[in-house]
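In structure tokens, one chain follows: the form predicted on its own.
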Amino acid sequence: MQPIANRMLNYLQPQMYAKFTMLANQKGCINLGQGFPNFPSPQMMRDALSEEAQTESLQYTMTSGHPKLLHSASKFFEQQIGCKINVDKEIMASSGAQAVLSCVMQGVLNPGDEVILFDPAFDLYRPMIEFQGARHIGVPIIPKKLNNKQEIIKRYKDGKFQYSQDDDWELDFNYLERVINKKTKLLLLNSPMNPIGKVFSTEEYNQLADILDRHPQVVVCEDAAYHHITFGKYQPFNYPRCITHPRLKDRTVCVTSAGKMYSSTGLRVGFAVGNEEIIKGIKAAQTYHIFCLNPVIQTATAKCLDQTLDGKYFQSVKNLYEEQANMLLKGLVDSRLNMNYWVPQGGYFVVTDISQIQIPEKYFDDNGNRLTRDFAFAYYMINEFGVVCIPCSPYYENKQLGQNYVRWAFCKTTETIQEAINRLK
């Protein structure tokens, strides 16, 4: 007897992030793998949780979210993003952005539908799509240039790397036009992108709108989990977005994460904002998924949204992460590893190219199976350098396209990043 559903058989092993975190703990490594902050959450969140735990009802709330939370979130997003939201029809909350995305898939997709992803795409998207009986299609984003140590260090000034066109990752719109068809139901993009830190430009959204005008059945899902962490010319929440693009906003559902916004990834509060007709299906999925969220966490999050409405807190968060990104990137450039580099435009991560690194052959073997270069490199780092990074091939439909890239997380304390840099010297 096989008690496990066929669709789950490829996902029974520990998730990549959990596996590498366990290895980090076992071997005393510096963990720049999993994207969670290792510094304390803001005190206002702890205070709000403590206060609300004493007074808030512990009964069921509305399935779409506690009224306090939905009103606070709607006011916040209107202030920071410029979206006028009907709180009864155009917003819902679920247990983190991942649960929101799961509700999006359940609420939008039919078996046999196709979903366009821009690779490298966060690896959790693909199983969510498969679980709905739909098919994912990866459209690669290719780096414009490989920047070696000598080239990128020329752009380092006053403690910062200057972003340039040499850091661009470019979407093949011709390929997108070839793969999009009448079966395409959803296009899912992430900006700023995990893992490469790309922020899509207004020009790219204009091109995307030109294509989608010919495919009115396609819903756009904008995963904006890192919308408060944008660097250089971009400010928190204020950068080119689908949800505010005049030709895309009516077909877009925007997914955000309060846990990411308040450096509290265990908080598990996420939002979907968008067209009433799209949100209606997502709310329905929520009803038969988790039903509702913990009320204390919802009202505590509402308090924090109210307290940070002016945006000053998020300016400090942006400044912190930009400092950490530059610190880590400088350390990687100065390391003994001969890699290629890009300056991220936002998010939690730096990606490097490892195509020129000689990896000992023993790290390619996994009980008789040959690993891709990125996984071999990750094990090489763990065993000989004591630093954890994340392989990027799982973010690609075609794994070979991602085997020369690895991801390093900078959402860490200065002490953690410095220790990793010391080990890589």
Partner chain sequence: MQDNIIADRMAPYLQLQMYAKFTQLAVKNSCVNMGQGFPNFPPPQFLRQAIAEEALTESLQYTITAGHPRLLKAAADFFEKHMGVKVDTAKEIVASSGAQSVLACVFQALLNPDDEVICFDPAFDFYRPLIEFQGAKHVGVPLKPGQLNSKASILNRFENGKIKFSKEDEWHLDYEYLEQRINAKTKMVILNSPQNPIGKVFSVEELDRLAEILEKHPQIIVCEDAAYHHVVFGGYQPFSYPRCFTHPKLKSKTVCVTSAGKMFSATGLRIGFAMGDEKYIKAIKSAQTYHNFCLNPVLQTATAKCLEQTIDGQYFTEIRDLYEEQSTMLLKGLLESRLNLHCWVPQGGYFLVTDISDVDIPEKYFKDDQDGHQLTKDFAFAYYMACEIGVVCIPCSPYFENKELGSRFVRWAFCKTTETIQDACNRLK
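The model shown is predicted, which means the values in this text are computed figures rather than measured ones. Positions refer to the first chain, counted from 1.
The same protein also exists as the form predicted together with the partner chain; that form is not shown, yet it is the one meant from here on.
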Among 326-334, 128-136, 163-171, 71-79, which stretch has residues whose heavy atoms lie within 4.5 Å of the partner chain in the model of the complex? 128-136
I'd like to know whether R7 contacts the partner chain in the model of the complex, with contact meaning heavy atoms within 4.5 angstroms. yes
Contact of Q315 with the partner chain in the model of the complex (heavy atom, 4.5 Å): no
Please determine whether P236 contacts the partner chain in the model of the complex, using a 4.5 Å cut-off between heavy atoms. no
Hey, in the model of the complex, is D310 touching the partner chain, heavy atoms inside 4.5 Å? no
Taking N31, L117 and P140 as a possible spot, do all three reach the partner chain in the model of the complex with a heavy atom inside 4.5 Å? no
Between the options L305, L293, V255, A121, which residue brings a heavy atom to within 4.5 Å of the partner chain in the model of the complex? L293
Please tell me which of T299, Q98, N147, T352 lies within 4.5 Å of the partner chain in the model of the complex, judged by heavy atoms. Q98
Along 259-294, which positions have a non-hydrogen atom within 4.5 Å of the partner chain in the model of the complex? K260, S263, S264, T265, G266, L267, R268, N275, E277, I278, K280, G281, A284, A285, T287, Y288, H289, I290, F291, C292, L293, N294
